[in-house]
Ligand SMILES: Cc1cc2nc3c(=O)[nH]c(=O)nc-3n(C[C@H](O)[C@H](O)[C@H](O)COP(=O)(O)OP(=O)(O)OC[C@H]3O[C@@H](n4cnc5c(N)ncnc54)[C@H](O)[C@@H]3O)c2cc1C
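Next up is one chain by itself, shown in structure tokens, the form predicted on its own.
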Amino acid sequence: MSRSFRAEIRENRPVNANHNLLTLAPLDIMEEPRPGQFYMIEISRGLDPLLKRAFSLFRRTRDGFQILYRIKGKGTSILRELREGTIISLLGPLGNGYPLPAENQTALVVAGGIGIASVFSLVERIEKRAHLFYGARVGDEIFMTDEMSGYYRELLVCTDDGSCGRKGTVVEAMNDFLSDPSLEGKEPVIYACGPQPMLREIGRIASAKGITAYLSLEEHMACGIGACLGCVVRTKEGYRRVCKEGPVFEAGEIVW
């Protein structure tokens, strides 16, 4: 089955000043996506910008799927202006997603900022099992919590300045949770997406505690299919392509 398809924009609405939620309905047969996979979206039919942009699957809907994106450059600024009824070209779903937790595992899902776009579908898929740690610099960067209500087992919100939820980082909150006596005898597994320093620290903690952790990495992508080698990261087995062997890697594989 070809991973290239067309989709119609059903909605492209702001969720705050810097983020939009894009709702798409495929016009061609689309392969079923898995949590943690991504799509390459054609932003413009002209030459500027020339390349497609990579966006994580946010959630599957009855008629298609949604993309949650941050407006941070020319490509996403153009995307924000696309209206309902516009037809766009996409490639996907691409990459390797999150392995689902076993029945005996306790899932800790960690999202830093726009990292919530990658982990939302996982939280939804493993309904009522995820302990979700969601953090950002300030309260204005915490969003989509209403949409997540009912899917997680527990939600802990953190902000650096304490303007929303607990003051501090999600890594600190996650580490405190791992020290809770109630976890004794249970097998935690970590899933995380967010800024690289956050992922690096989660990887360090997971290694020190002997916990399996799956990290979704973000790199600039040109092709999305592993041909251009523009998104490689260093691992213990050599350089691997984030778009092909990732974006989700087991934390122990990565050389920071």
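Note that residue numbering follows the sequence shown and begins at 1. These numbers come from a predicted model, not from an experiment.
The next section is about a form of this same protein that is not shown, the form predicted in complex with the named molecule.
Distance criterion of 4.5 Å from any heavy atom to the named molecule in the model of the complex singles out G75 from the list P99, G165, G75, P93.
Shown alone here, E218 lies within 4.5 Å of the named molecule in the model of the complex, counting heavy atoms only.
Residue contact check for A136: none of its heavy atoms lie within 4.5 Å of the named molecule in the model of the complex. Residue contact with the named molecule in the model of the complex: R70 places a heavy atom within 4.5 Å of it. In the model of the complex, the named molecule sits within 4.5 Å of a heavy atom belonging to L51. Residue heavy atoms within 4.5 Å of the named molecule in the model of the complex occur in exactly one stretch of 197-205, 219-227, 183-191, 24-32, and that stretch is 219-227.
Using a 4.5 Å heavy atom cutoff, none of L132, M174 and F177 lies near the named molecule in the model of the complex.
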